[in-house]
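One chain comes next, on its own, written as structure tokens: the form predicted on its own.
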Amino acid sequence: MNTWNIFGHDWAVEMLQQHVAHNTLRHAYLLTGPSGVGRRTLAIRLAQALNCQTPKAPGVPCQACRTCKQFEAGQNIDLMVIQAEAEGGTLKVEQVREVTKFLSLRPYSSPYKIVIFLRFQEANPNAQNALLKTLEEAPSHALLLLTADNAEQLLPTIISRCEILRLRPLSVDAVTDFLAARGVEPGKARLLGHLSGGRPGFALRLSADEKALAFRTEKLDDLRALLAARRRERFTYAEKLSKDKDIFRQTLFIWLSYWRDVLMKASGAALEPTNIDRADEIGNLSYDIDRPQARAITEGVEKALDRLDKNVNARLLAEVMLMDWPMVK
């Protein structure tokens, strides 16, 4: 664990700590990486480092003082956290205009007015363009912290005005050890280490969310049942699945992980599957579905995810995808 009490990303912590300690802070940072890798935590720690009342060392927040606790909870008067209303939604231009008003005022009790944009890849083009003027002419007391899955999702003009920190997933073993150190049962820690894809924040959330794990089990059981199901049963399931787009999207992510494991196994790869609790099942299925079929199914789920975000007819999308799956007893 580093001086900011963040698991992993030591290089990013060291760089930002030095920026704070030597007063060489940039006016805008873009923190990229998959959800759950630690983007938000790093942004909050930077805000704490700048405002801590009793720092342990230059650029090292105590995380215990009143100000640190306010920033941890996102409740400091000089902090604004902006995001789309729901994951997969749209961050709108009106929200960016509120940020402009917020930054036009002097800080109340802190050296900086800090704005954290979560999942900024969800900002529509108008919202991104609205932020450009602020990025170009930011007040000296403004600090903007943007998080996104990757920089390429944003306008080049946004990227060019930010210092970019690319956060990478950690190893499965590292995340497994991280969970075990927090009291997670070893077998569960190993499973979550794989399911997290090296994202400690996501793994930690999963460890405390039994409903999410039960949902995963239910949807993987559904997948296996659908492979043996007739057309009428698949149509019925597609109708049910399409009624809630958020559940549909979550289901597709679970299925995509499973089908990638089948594709990997069908291709002869010796790596452990992500869904290690289904290893035998995945191995058996790879004998019934060859590599071209597994690839086509995997690509079909990927396309369904992409099209769902483009607001196509959800029921038709589900029907087409499920009808393309082979029948496997």
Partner chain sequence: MTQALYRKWRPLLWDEVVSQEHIIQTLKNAVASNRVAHAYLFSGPRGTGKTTAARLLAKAVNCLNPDVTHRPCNECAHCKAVNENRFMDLIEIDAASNNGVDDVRELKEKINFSPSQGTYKVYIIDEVHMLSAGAFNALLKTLEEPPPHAIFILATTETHKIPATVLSRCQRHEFRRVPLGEITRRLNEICKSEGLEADTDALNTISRQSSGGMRDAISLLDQLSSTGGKITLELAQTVLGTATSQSVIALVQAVIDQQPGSGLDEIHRALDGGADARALARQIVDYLRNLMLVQMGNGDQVEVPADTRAQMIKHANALTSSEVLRMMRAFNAAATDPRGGWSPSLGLELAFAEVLELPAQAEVVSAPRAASRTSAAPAPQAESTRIQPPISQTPTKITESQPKVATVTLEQVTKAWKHISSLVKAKDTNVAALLNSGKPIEIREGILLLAFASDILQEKFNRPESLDLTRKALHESLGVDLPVQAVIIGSKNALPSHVKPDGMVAAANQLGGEIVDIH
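Numbering follows the first chain given and starts at 1. Under this definition, the rigid core comprises the largest set of C-alpha atoms superposing within 1.5 Å between the forms. Because the structure is a prediction, the values reported are computed rather than measured.
If you look for the form predicted together with the partner chain, you will not find it shown, but the lines that follow are about it.
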72, 222, 149, 177 - the one with a heavy atom within 4.5 Å of the partner chain in the predicted complex: 149
Contact residue in the predicted complex, chosen from 165, 229, 118, 213 - any heavy atom within 4.5 Å of the partner chain: 165
Residue 25 near the partner chain in the predicted complex, any heavy atom under 4.5 Å? yes
Answer for residue 88 alone: is it within 4.5 Å of the partner chain in the predicted complex, judged on heavy atom distances? no
Close approach of residue 21 to the partner chain in the predicted complex, 4.5 Å, heavy atom: no
Can you work out whether residue 52 and the partner chain are in contact in the predicted complex, taking contact to mean some heavy atom pair no more than 4.5 Å apart? no
Proximity to the partner chain in the predicted complex (heavy atom, within 4.5 Å), stretch among 277-285, 55-63, 41-49, 291-299: 291-299
From first to last in sequence, which residues of 189-222 have any non-hydrogen atom within 4.5 angstroms of the partner chain in the predicted complex? 199
By the 2 angstroms cut-off, has the C-alpha of residue 40 moved between this form and the one not shown once the rigid core is superposed? no
Is it true that residue 161 shifts between this form and the one not shown by 2 Å or more at the Cα, once the core is aligned? no
Large Cα shift (2 Å or above) at residue 97 between this form and the one not shown, core-fitted: no
